[in-house]
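Coming up is one lone chain in structure tokens, specifically the form predicted alone.
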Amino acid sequence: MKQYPIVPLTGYREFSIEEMRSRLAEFQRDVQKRRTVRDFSDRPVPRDIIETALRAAGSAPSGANLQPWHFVVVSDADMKKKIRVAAEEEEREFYQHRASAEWLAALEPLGTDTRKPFLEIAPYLIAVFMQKTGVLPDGRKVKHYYPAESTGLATGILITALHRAGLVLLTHTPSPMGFLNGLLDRPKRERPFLLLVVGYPADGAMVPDIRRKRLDEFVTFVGD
């Protein structure tokens, strides 16, 4: 493969320590407000908002810069209904046959079940696909390195960008998700990674009263 040219770093801006603290504190306060929502409004969201968030997601680091992801943005009502029907079918199988008692017990406090009306109500569904291999401009196939990690990084940026825009999301993972390939006409070399439900919260939306771990519960510092 052709080597990338080496160019000067541009766009970097250094902040004073106090600016760092201030910017991070504001960001941390905002992102701590992000909640998974299941009660959506059908209010429309301008498409350019979604496009800008996706551009941000596309800036994520990836193995060998191969960017092994593809996002399918669904706003068509008929397609959203088809996705809901297929997802609910898989969810019924999951809850009735696939999930262990331990897994179901872990989900119980969140109040989830097989009904997924938000898949039709929310203005946008974003299906995230992970590409294990890619196709070069000349038609040759190329292996993607760390595709799951790379796609996860891009998805995290997308979630944060949409939150910063003032939207709410649900990360939905019906298992398995292979039906998305057929419905959305994606090749077999792509694997469904996540289905994001995006929009405004419904009036009176409710969320579980959860607790997040303290810093000392999920971070270990080695050194100063």
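None of the values given here were measured: they were computed from a predicted structure. A residue's number is simply how far along the shown sequence it sits, counting from 1.
Below: the form predicted in complex with a small molecule, not depicted.
Glu91, Leu110 and Lys116 - do all three of these have some heavy atom no more than 4.5 Å from the small molecule in the predicted bound form?
Yes, the whole trio is in contact, each within 4.5 Å by some heavy atom.
Which of Thr52, Thr173, Asn181, Ser41 has a heavy atom within 4.5 Å of the small molecule in the predicted bound form?
Exactly one listed residue reaches within 4.5 Å, namely Thr173.
Options 101-109, 135-143, 70-78, 149-157; stretch whose heavy atom lies within 4.5 Å of the small molecule in the predicted bound form
Checking each option against the 4.5 Å cut-off leaves 101-109.
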